[in-house]
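So this one's two forms of a single chain, laid out as structure tokens and tagged structure 1 and structure 2.
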Structure 1
Amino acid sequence: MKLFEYQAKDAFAERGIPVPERRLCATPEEVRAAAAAIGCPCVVKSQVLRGGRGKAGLVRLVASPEEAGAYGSELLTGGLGAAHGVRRVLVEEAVDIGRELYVSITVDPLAATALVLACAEGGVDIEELARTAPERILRERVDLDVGLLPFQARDLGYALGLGPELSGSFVTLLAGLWRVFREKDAELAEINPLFVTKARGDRPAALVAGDGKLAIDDNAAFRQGGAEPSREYFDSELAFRAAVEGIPYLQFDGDVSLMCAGAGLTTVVYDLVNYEGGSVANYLEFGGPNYKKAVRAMELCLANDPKVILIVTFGTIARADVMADGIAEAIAKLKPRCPIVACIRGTGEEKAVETLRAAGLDPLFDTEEAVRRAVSLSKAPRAEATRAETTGGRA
């Protein structure tokens, strides 16, 4: 589960990582008051779970409390904020920036270690840098049992060009980030940008976490003490409704709605849809503990108004006959207007075939054939697809 910037910075501050003075606001009036209290210029930052906020106009340096309040109104009650689902903003002191660095800790599943990534060029274009010049990103693997060792952090600090004084600060900061990573059961703990402030008079340069990302392993949510995610954690209303049901769901913008069992099979089906020239409307996990939730699953898929629903499963624990019973029940209750293509294999397959045929479907046994039929139906005019459905093309 991804956390918002303000939550990541709270975790950073609790573990000794320097962060700017900040206040979380939910109304334009609170934004104006926060800017007055912190002092201007300050930064008003939308709290959304997406990258590229600056390029999307969701972050702004403001020169006065009045400007902060006006921009807060645009984000919290205006069209810009509504378009991006902004519900809260963070008002933060402006930092006197000398340099921007990048540092993060994530998991290297292949090596079964943690992986520290650092770069002397942080900021909004770090993804492009990773693509075009990956050699400029420093990598340090850390044994999960041993933990981050001081010499590893010190080596990275010097490699980033921080020098003796700031390298010491970097060792302390990275130790704090390691604690965040381990104590929060994180899949990713990232500071980007990590500001190096300008030295001014008797005030030396310092390190400050300018932005933060924190992604927690869903399997550890029970011991992190967090409540159920609210709507603001999800990009779409359907994704939120699926999460409430405990159903993994990804929203896209195509024509073929996928109900599949298992991430591996889904990835194959997704690729096949694209190879056939189709596009995916959504992915919904119909396997695992969800194979008895056919009615709710199909209801979520139909909410996308897809041109076709493609159901592909291969189950041993998630039984094919139980899935087929659920699909038949869903069709009877929901009366979908779009074609349905079903390829359900696995335990109880013979009974599943009988059930699907009784529900008016034509059970398929080859995934590629099912994808081809679904894509073909998605490209046909809706009236033609509906006629095909009534003559056996429901698949």
Structure 2
Amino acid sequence: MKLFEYQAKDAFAERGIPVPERRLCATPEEVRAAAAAIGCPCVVKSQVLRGGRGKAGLVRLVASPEEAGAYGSELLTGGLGAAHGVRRVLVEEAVDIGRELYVSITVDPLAATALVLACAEGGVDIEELARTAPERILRERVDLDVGLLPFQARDLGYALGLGPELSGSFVTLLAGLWRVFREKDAELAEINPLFVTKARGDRPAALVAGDGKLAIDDNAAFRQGGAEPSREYFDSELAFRAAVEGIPYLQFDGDVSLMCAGAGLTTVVYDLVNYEGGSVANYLEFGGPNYKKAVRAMELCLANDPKVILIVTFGTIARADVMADGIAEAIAKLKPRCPIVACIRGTGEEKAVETLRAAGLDPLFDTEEAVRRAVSLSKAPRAEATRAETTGGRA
């Protein structure tokens, strides 16, 4: 789960990483007051999970509390914010920027270590840079048990061109980021840009985290105080409802609603629908721990008003007969008006076939055949689809 910038910065600050003075605001009036308290110019930053906020106009340097309040209105009550789902805004002191660096901690699956990435040019898209100029990214492997050692951070600091003073600060900062990474069970802890402030009078140059990205491992939620998913983390209401159920879900806007089991198979069915000229309404994984949740899954699918629901599974533990029972129950309960194509195989498939037939479906055994049928149904006029529904959901 990705956290918002303000959450990442709170986690940073708790572990001694310097961050700008800041206030989280939920109303334009709070924004105005925060700007007045922090002092202007200051920066107003929408708290959304997407990247590229600057280009999208979701971050702005404001010159006065009034300007802050007006911009806060655009974001929190106006069309700009609504278009991007802005619910909160961070008002932050403006930093006198000398240089921008990049630093993050993630994992190295091959070496089985953590991996610190650093770059003397901050504010960059690191994935893009990794592709185009990998030699500009410094990499430092860190044994997860031994932890980040000061010499590793020191060497990075000097390699980034920081002098003795700032290299010392960098050692402290990276020790803090390491603690964030370990203590929060992070998949990624990133500071981009990491500002080097300009020296001013007797105030020497210093490091300040300009932005913060923190992606937490959902699998470790049990030891992280496991917060419930909250609406603000999701693009759409359906994606949020799916997350509450623990059902992997992605929203698209096509015609074929996928209700498949397993990440690999669902992805391939997504491909095949596209190969066959169809379009996907939603990606939904109804397998693994969710294989008994057919009713909830089909409810999510139907909320998209799809032209067709395509069910493809090949389960072992997620038994075919149990899934078929659930689908029969869902059809009885939800009375879907669109046709359903079902291709349910694996453990107990003989019994599953009987159940599906009894529910009025015509089960198939070949994934590609099922996809072709679903795409073809998705292109038929609604009238035909409705006819299928009157025959008990038979496709």
Partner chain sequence: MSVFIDRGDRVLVQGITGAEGSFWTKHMIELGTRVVVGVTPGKEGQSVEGVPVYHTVRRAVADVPADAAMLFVPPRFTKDAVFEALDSGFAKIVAVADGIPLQDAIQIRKAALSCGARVVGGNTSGVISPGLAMMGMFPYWIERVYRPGRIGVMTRSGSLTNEVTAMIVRAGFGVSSLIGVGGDPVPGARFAEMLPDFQSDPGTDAVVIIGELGGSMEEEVAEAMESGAFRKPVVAFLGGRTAPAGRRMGHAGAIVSGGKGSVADKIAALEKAGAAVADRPRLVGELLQRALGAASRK
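Residue 1 is the first residue of structure 1, and the numbers go on in sequence order from there. Note that the structure is predicted; figures quoted are calculated from it, not measured. Superpose the two forms; the largest set of C-alphas matching within 1.5 Å is the rigid core.
Note that the form predicted alone is the one shown as structure 1, not structure 2. Core-superposed comparison between structures 1 and 2: the Cα of L188 travels less than 2 Å. In the core-superposed comparison between structures 1 and 2, the C-alpha atom of L265 has shifted by at least 2 angstroms. Relative to the superposed core, L364 shifts its CA atom by 2 Å or more between structures 1 and 2. The shift recorded for the CA atom of Y275 between structures 1 and 2 is 4.2 Å, with superposition on the rigid core.
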